[in-house]
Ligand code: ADP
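Only one chain is shown below, in structure tokens, and it's the form predicted on its own.
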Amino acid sequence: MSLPGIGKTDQIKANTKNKELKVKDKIKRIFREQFLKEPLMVFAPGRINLIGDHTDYNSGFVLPAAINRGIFMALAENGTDSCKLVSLDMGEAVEVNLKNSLRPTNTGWANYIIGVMDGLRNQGLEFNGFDAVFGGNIPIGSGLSSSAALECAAVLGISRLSGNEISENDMISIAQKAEHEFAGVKCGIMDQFASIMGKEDNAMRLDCRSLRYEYLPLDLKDCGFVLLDTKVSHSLGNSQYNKRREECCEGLNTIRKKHPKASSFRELTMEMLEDSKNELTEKVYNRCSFVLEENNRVIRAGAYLRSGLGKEFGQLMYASHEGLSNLYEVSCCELDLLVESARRLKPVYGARMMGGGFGGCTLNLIANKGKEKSISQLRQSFETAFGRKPGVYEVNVIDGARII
């Protein structure tokens, strides 16, 4: 079998585009009604990560792909020193005075945009006051990186609106820094990179240390990816996400006392980790062990994708989830139940939690033959256990952020 892209038929892609147009048209219409002018329209996608979570901030490898769920933003200059930001999904608006220093606010979603504005200023790029309305078709808190999609839509939209052409690398850097400094999440580079650099029907293997990357064609003929959403929302800024990063740094610093040439996890080996095991707490040892194993899985995954070995790739997904749950401890009972239920279904080649963890979605690689029945069985297992239905999303892999 050969391993795909996620848009398996022209009909699915056509239906997807129709749904996207409805969201885009709604945002454009509301912008016109509220501000009485024509906007610049921007779209930035969310992402799935086929394998390789919590490796990005440890200088490792990841395998993400941009998807057809993301953020649409309408923008236009308003001739003032003020920016009015309207979140359609949250039903809220925030006004920012450009004469003042840009600082984080108590309105969480606004910080992603204000952080981008601050990053553009720090690059020496000037912009005038503007109005913006945004919304999307990406479930917030589901692990599909709605925050990175918002940041990337903002950095592309504001820079183009003001006539500033900036490089893709600069856009990625500004978006990531906004999340670090204004949202308080010390995320790696993967989410913003995938949102800007995504390519239709391709995953990308990204080296998060050098930022070198390669596209890997997804050509799934007899199976595809399906997301099951636990609807357990995670707020990474208030979660254990930053704590995991600290634990990895602690482990690396301890190991380097014996192996000073290991400047990052990329130079670490399991032998080095075992050599320092007695100096590490069990928790920190487990965190380091997972990162080393997960990096290895990403490398192997690329070979399986190239060779069309879907079932072998699926086994890596199961192994990844086991590590995320038991060693890295970022799963939850809802995610674990969905993955364990998937293991019992023959048409499901692989399943894993995806994203920062503590909620969100599982990513499932499911054979087309028996797919609907498998999804129904997974839904039933989840509903029996938790008394509610999970969200189900089939996604297409698309190009990255763009003017539309």
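Just so you know, these numbers come straight off a predicted model, no measurement behind them. One-based numbering along the sequence shown.
A second form of this protein, the form predicted in complex with the ligand, is not displayed here; the remarks below concern that form.
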Answer yes if any heavy atom of residue 318 is within 4.5 Å of a heavy atom of the ligand in the model of the complex; otherwise answer no. no
My question is simply whether residue 178 lines the interface with the ligand in the model of the complex - judged by any non-hydrogen atom within 4.5 Å. no
Quick check on residue 213: any heavy atom within 4.5 Å of the ligand in the model of the complex? no
With the partner left out here, check for me: in the model of the complex, does some heavy atom of residue 219 sit within 4.5 Å of the ligand? no
If contact means a heavy atom within 4.5 Å, which one of 138-146, 290-298, 303-311, 203-211 is the stretch that engages the ligand in the model of the complex? 138-146
I need to confirm a contact call. Of 333, 249, 90, 270, which residue comes within 4.5 Å of the ligand in the model of the complex, counting heavy atoms only? 90
Contact residue in the model of the complex, from 182, 265, 134, 241 (heavy atom within 4.5 Å of the ligand): 134
Taking the ligand in the model of the complex, which residues of 50-75 have any heavy atom within 4.5 Å of it? 71
